[in-house]
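One chain comes next, on its own, written as structure tokens: the form predicted alone.
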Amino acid sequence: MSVKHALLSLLEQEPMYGYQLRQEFEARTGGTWPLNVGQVYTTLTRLERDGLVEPAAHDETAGPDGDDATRTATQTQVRYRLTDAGRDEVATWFTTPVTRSQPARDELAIKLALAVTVPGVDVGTLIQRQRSASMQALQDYTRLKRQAGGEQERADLAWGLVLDSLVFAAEAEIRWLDHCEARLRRAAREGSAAGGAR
């Protein structure tokens, strides 16, 4: 996930404080990928260094990032806004396809690839347990979709799209686990047949 581009796209609407950016990101994605506020500020610092954002205003009073009790008088909150270069970066991001040249690490695929090569691992049980967990996740996402149904706000549409992605990913994972199980059975049969022919 590109935190950099997510923050830039949110700043396209209006200048915001780091804490506001975090809240907006999590609201639009349903909290699926929580952001650490420290990560937000680190990213904003890099974006400012690269000329993609700039301070819009300084606020030395308590603001969205905390209250007087949690901040000292010397702390200054900065609202950030996009620069022209930042707008260009957002436009490029939205019009460029996400590349799949280097797939993200998939812990389940790695686990299964190793499980079939490590003696003593019950791969069938591993697949069954994962399938149960994936089915539970699919049911949870489907329930969330039903609860969110009918709302027309843009944030609800954004959360709905994220939920759709999670549902499709869970369905694909279950199909893939079925495929893995079938391949294991076929390999076991072929191994038995080869052993019997000796």
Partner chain sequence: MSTKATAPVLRLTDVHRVHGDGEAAVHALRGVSFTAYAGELVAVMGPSGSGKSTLLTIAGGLDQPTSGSVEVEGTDLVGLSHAERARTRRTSVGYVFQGFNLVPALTAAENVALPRELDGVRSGEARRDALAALEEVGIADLADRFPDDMSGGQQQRVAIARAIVGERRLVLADEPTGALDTETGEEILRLLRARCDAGAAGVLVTHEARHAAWADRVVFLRDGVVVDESGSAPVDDLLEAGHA
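Rigid core here is just the name for the largest C-alpha set that superposes within 1.5 Å across the two forms. These figures come from a predicted structure and were not determined experimentally. Positions refer to the first chain, counted from 1.
The discussion below concerns the form predicted in complex with the partner chain, not included here.
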query	finding
Contacting member of 27, 37, 161, 56, with respect to the partner chain in the predicted complex [4.5 Å, heavy atom]	27
The partner chain in the predicted complex reached by all of 106, 122 and 126, non-hydrogen atom within 4.5 Å	no
Any non-hydrogen atom of residue 140 within 4.5 angstroms of the partner chain in the predicted complex	yes
Partner contact for residue 46 in the predicted complex: the partner chain, 4.5 angstroms, heavy atom	no
Any non-hydrogen atom of residue 186 within 4.5 angstroms of the partner chain in the predicted complex	no
Contact label in the predicted complex: residue 51 to the partner chain, heavy atom within 4.5 Å	no
Heavy atom within 4.5 Å of the partner chain in the predicted complex - qualifying residues of 169 to 190	171, 174, 178, 181, 185
Residue 49: Cα shift of 2 Å or greater between the shown form and the other one (core-aligned)	no
Residue 177 C-alpha relocation of at least 2 Å between the shown form and the other one, rigid core basis	yes
Core superposition between the shown form and the other one, C-alpha change of residue 95 at least 2 Å	no
